[in-house]
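In the form predicted alone, a lone chain appears below as structure tokens.
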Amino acid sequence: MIRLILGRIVSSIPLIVGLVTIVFIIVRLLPGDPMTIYISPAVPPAVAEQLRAEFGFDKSIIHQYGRWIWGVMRGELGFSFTHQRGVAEVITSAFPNTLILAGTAILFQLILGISLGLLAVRFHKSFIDKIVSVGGLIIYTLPTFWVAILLLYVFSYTLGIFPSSQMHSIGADEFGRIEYLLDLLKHLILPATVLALPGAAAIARYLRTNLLDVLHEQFIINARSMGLSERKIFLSYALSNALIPTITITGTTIGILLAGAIVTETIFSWPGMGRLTVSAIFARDYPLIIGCTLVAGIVVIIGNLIADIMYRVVDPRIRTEGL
């Protein structure tokens, strides 16, 4: 397991460097620079050039990239123009909010996906099975923004059950601990559901297909011939084997959740990494854009690493395989 973790970390370094390099070059190739947004037309050209020189925008892309890499090696991600703070400080304040949203979405998609998958297998070839299969495919292909707007219209604007935006109600700081957590949960349900639905649909379809295949495997037939109860066969043998791909899907959906969070957090005004990235792009806050990209890449790699580890823990057959 230690070899696996170290191997993944080493192999991930070129991926992160390549990702950040590409994004760095793309944003620098855009015409103009962030100073054009913040410099008034009344500011003398000499002062404008001095500000550009202070932030290094008068240098070549290679020089700017080297300067940024040197800062990262010293633990500095740069200075955010829009927030007037260090990039690391800005990301640190937003990342926990995205972690709460993504963690809740993963929990939702596991509960909903596994439940629907088991329901489809229990009523195989019935109307319920068809609804899960066809409905899951439809939900998986729907655009995130469309689902978000639909849920907002139904549950927020029409029924008024859930809030439409933000993470807390106005004056939530004065609430008690229980009331504060309930208020957070009320704001959390809609955006977490939007993020969870595609993953839940994928898990339900994969689990249904894998479980139906496993139930016809030879070792299941042998277990029945040994007189084991159907409940024990299902829980101890069939379900444990069919859930292995679900672990892989859950790990790989972390990247999808981050991509979906950009849209979802913007629509629901959730103060997380997705909304922060969008605001940085519109404000052309180069250091913040690169910092968000770096963090997103690291999180995706960590998610895939967790999936690999869990895969080997659950499936003994590949624990001794090479890396």
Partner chain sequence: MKVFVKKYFNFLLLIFGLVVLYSTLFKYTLIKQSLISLFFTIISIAISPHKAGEFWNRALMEYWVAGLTYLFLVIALLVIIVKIENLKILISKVFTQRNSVSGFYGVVSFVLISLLAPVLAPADPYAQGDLATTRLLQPFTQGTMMIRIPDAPPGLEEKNRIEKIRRTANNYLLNRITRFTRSDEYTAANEYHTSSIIFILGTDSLGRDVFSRIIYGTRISVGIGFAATIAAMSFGTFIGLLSGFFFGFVDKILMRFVDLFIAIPSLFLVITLVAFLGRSITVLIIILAAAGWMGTARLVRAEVLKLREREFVLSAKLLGVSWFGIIRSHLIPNVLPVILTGAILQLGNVILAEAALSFLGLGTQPPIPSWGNIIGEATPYLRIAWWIAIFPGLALSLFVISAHLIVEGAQEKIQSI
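Positions refer to the first chain, counted from 1. Keep in mind that this is a model prediction, so the values were computed, not measured.
The discussion below concerns the form predicted in complex with the partner chain, not included here.
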(message) Would all three of 95, 197 and 200 be in contact with the partner chain in the predicted complex, where contact means some heavy atom lies within 4.5 Å?
(response) no
(request) Spell out, yes or no, whether the shortest heavy atom distance between residue 205 and the partner chain in the predicted complex is within 4.5 Å. (result) yes
(message) Even though the partner isn't displayed, in the predicted complex is residue 219 close enough to the partner chain, meaning a heavy atom within 4.5 Å?
(response) no
(message) Can you work out whether residue 64 and the partner chain are in contact in the predicted complex, taking contact to mean some heavy atom pair no more than 4.5 Å apart?
(response) no
(request) Consider residue 290 of the chain shown here, and say whether it contacts the partner chain in the predicted complex, taking contact as heavy atoms within 4.5 Å. (result) yes
(request) Work out which of the listed stretches, 244 to 252, 220 to 228, 132 to 140, 68 to 76, brings a heavy atom within 4.5 angstroms of the partner chain in the predicted complex. (result) 132 to 140
(message) Given a 4.5 Å distance limit between heavy atoms, list every residue of 263 to 281 close to the partner chain in the predicted complex, or none if there are none.
(response) 263, 266, 267, 277, 278, 281
